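As C-alpha cells, one chain now follows by itself in the form predicted alone.
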Amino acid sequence: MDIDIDIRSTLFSGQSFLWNIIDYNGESYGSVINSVPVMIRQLSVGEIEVTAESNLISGRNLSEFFSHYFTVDIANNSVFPNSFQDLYPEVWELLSGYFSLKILRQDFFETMISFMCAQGIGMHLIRKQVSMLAKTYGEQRVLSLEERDLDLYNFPSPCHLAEADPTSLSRCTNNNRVRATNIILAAQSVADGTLDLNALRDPQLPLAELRNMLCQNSGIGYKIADCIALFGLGRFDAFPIDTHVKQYLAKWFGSSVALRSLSPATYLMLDAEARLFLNPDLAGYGGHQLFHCWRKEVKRLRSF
C-alpha cells in the first residue's frame, strides 16, 4: 500500500492514544479499529504493510479504509496557502520535515472520551489512561501473526462506559472522580441519543454550533470540542488551541493575543487570527502539523 506518510509521527503526534509500538526498530504498530485487530508496518517512506484479522473494516477493503483513515485525499501541498512559505520562511524550513504527518479520521466516541482524559496531562499519561479504559471496559482481541499472537484491546462502547461506576472508572483517570463522572455522563448522552451524532456529523453544520453542542457536556470546553471535531468528525477546519499552540502563535507568528491567559474570549480571538495565515478550511490540519513540529523542534519533547 503506497501512502506518503510518516506512520510514527502520525500515530504518536497527540491525536490518537490507543496505538501500541509492537516492534520499535521494525516500525510496527498495533491497535483495534472498529473491533478489528490491526498491525501496521512502515516498509519505506511511502509504503506501509497492513495485517488485520479481517479483509474488511467498516465494510471497506483494507486499502480503501486506510486511505480514508490516513486522509490520503488531503494533498500535502493543499494544507497551507501559497503565501505561507514566503511570509514565514523560517517556520516553513522547520515544518518541511512534517508534511508527511497526516490527520487521522477516527471513531467519534473513542476520540471524545480520549480527549476528555487528556486535560492538563502529558501524552504518556493520556495513553496510559486510554489503555486502562480499553483493558478494563473493552474487549480483548487477538491478532495471530506468524511469529506470535498479538493481544490488543478495543475501545469500550458507549453502553459499557455509560454503566460504569465512577469510583471504579476513576482508577483509569488517575483517580480523578470528577473526570470519571463526566466520562460516564458523556457516554450516557451518546448511548441514549441525547447527543445527536447525525447533527454533529453534518458537514454543513457551522463549526461554532458544533463546538457549542459538544460543550454542553460537562468536561468539554472549546479546546476539547475542537479536538473532537478535528480528529473524530473530520472537521479539518477545527483549530484546537492549547499551551503549545499559544506558544507557537506568539513566537512564530507574532501574536500578542497569545501572550494572554487562555480564556474563552482569548481562545476565539486566537482562532480567528490563525485563519488569517492558514488555509481556513484546513486550519486544524495545518495547525496540528505546526503543533507537532513545535513540540519536536523547539520544545524537544518525546511523543511516546
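A residue's number is simply how far along the shown sequence it sits, counting from 1. All figures in this text were calculated on a predicted structure; none of them were measured in a lab.
FYI, the form predicted together with the DNA isn't displayed, but the following is about it.
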So if I measure heavy atom distances to the DNA in the predicted bound form, which of the stretches 123-131, 190-198, 84-92, 69-77 falls within 4.5 Å? 123-131
Can you pick out, from 100, 174, 136, 157, the residue that has a heavy atom within 4.5 Å of the DNA in the predicted bound form? 174
Between the DNA and 223, 242 and 247, in the predicted bound form, does every residue show a non-hydrogen atom at 4.5 Å or closer? yes
Quick one: is residue 227 in contact with the DNA in the predicted bound form, heavy atoms, 4.5 Å cut-off? yes
Flag residue 285 as yes or no: does it have a non-hydrogen atom within 4.5 angstroms of any non-hydrogen atom of the DNA in the predicted bound form? no
Would residue 178 show up as a contact with the DNA in the predicted bound form if we use heavy atoms at 4.5 Å? yes
Verify the contact flag for residue 104: yes if a non-hydrogen atom of it lies within 4.5 Å of a non-hydrogen atom of the DNA in the predicted bound form, no if not. no
